[in-house]
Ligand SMILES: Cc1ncc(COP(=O)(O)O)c(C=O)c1O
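So this first bit is one chain, no partners, the form predicted on its own, shown in structure tokens.
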């Protein structure tokens, strides 16, 4: 890029690619992209986005940031931790999701970090949280709004870079050229960025996007919109290829195909499924962490397709966007007393 945006040094990249024999199917050899180890503070996919977003306007000053997510949101957790390292505050419009142990721990960390919360019971009531924030519960200093999942156009740059990173690892022989890549999808930023990065690098593959949200929240129309926004941002910052070819042309020229999979959603966003729980148990037994909202369902989709696969052997990459960091040390003893909502006790 001739006019590159600023960038913070938050992520430890490239992340490793490892063989995962324990995920192999009868006709499938599986590798894992270990983005769960992308930061000693908080890994996963969000750090790739935040190192671009937090370095540039309107998020590059000392003001608070306000964003939205569930009580177990990885986006809010990553944002809270990295803002804390800058001495800044996070405000959040937060909706309740099923209280799994993972969600309970994430929420305990959010409360313990002093995140200011405007809670509502469901996603449908988020507008009420926004009204309270800008109205009768207005804070002394308003935060700068950041889209859910840090999926801004500039945030997509993190996964454009990730696609280029993977291409270099393929070229270096760290893994064979993948016939298919599995990655979770929700707010479209990871998906759009990775598609553009892989297309820009000329990686011919099938990208299997396993949605953690309903079709109204993630679909081809929304993905195309995010692709156009990210491509326009690349063009604005002087990427020559973006000035001469559209995003659609990149994808077509690379021979990249895209599948959107809603089959693992189950009862809805954040609702665990038996297949996701089984995937988490399998990962735990093999030293890799997943969770039931996103990555467990992504692994479940991979295993479901393996069970029905026929024909020639293929190489598959699973992109693990979960964070493997142990955050238990952040949890304050009095977090329940500080919480603005009642959190149910863990079963058993």
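Numbering follows the first chain given and starts at 1. Predicted model, so just to flag it, every value in this text is computed and none were measured.
The same protein also has a form predicted in complex with this ligand, omitted here; what follows describes it.
This chain lacks the partner; the member of 205, 92, 100, 151 within 4.5 angstroms of this ligand in the predicted complex by a non-hydrogen atom is 151. Proximity of residue 38 to this ligand in the predicted complex: non-hydrogen atoms within 4.5 Å are absent; the residue sits far from the partner.
Contact annotation: residue 297 falls outside 4.5 Å of this ligand in the predicted complex, judged by heavy atom distances.
Using a 4.5 angstroms threshold between heavy atoms, residue 33 stays clear of this ligand in the predicted complex. Although the partner is absent here, residue 189 lies within 4.5 Å of this ligand in the predicted complex, judged by heavy atoms.
Exactly one of the stretches 45-53, 58-66, 278-286, 24-32 approaches this ligand in the predicted complex with heavy atoms within 4.5 Å, and it is 45-53.
With contact defined as any non-hydrogen atom lying within 4.5 angstroms of this ligand in the predicted complex, 74 is the only contacting residue in 58-78.
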